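Presented as structure tokens, the chain that follows is alone, the form predicted on its own.
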């Protein structure tokens, strides 16, 4: 594996950042995950736009998106993969040991690892912890991911691949690394960004391509939804067959199946929608 670190490609065993990098010491950083297929990134422009939005929200200097594109191209070329996870990480750079940000400038790391295609269906759990829709980091894709690590570990302990959060007012919000859609009376719904969820790239495309409605939903909607699916960069659209102890009808339902088909066709037609 060869990794881009602050301006150049390096072998994995030489790809090092400072122990004083603010992304390491306090989680002061942002990131994007981009799917690559046979060396071609999907929706890269949308991902870079969100990277810039997250930087503004965190108060980081604006990333040089041309440099990020060059780094992505170099890493993809250096690491051939049939299906890959391209990870772009942009941090506060070398800083004091504390919350104050230093003046050395930001850091940029781009890496790619090969992944396997996800199953068509999966199991999820709900967790008692909440997303803060009024927090300083709401809607930003930051490297402060520890609560997701805790929630996902609980999901794995219970035979699931994702954990779903409510927000502080008891509304359905999102998963640790995914957005969630539900079918009610045959209509497709997903929580609005105001719920505190991340403005997922796959979520946005699914809304555009399926006509899903953005709706404030109580958390217990998961107990009665006819169908449920997740969206994310590496899941695309993935049906949910179990939520906690509730089994949903076998296989992706008709609305989910149609959404999966539409997404696959549209994504295949345009790699940078």
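Positions refer to the first chain, counted from 1. Note that this is a predicted model, so its numbers are computed, not measured.
Beyond the structure shown, there is the form predicted together with ligand PLP, which is absent from this document and is the topic of what follows.
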item: Segment that reaches ligand PLP in the predicted complex - one of 76-84, 101-109, 140-148, 187-195, heavy atoms within 4.5 Å; value: 140-148
item: Contacting member of 239, 54, 233, 210, with respect to ligand PLP in the predicted complex [4.5 Å, heavy atom]; value: 233
item: 4.5 Å heavy atom contact, residue 179 to ligand PLP in the predicted complex; value: yes
item: Non-hydrogen atom contact residue 91 with ligand PLP in the predicted complex at 4.5 angstroms; value: no
item: Contact of residue 201 with ligand PLP in the predicted complex (heavy atom, 4.5 Å); value: yes
item: Residues within 4.5 Å of ligand PLP in the predicted complex, restricted to 32-71 and counted by heavy atom; value: 47, 50
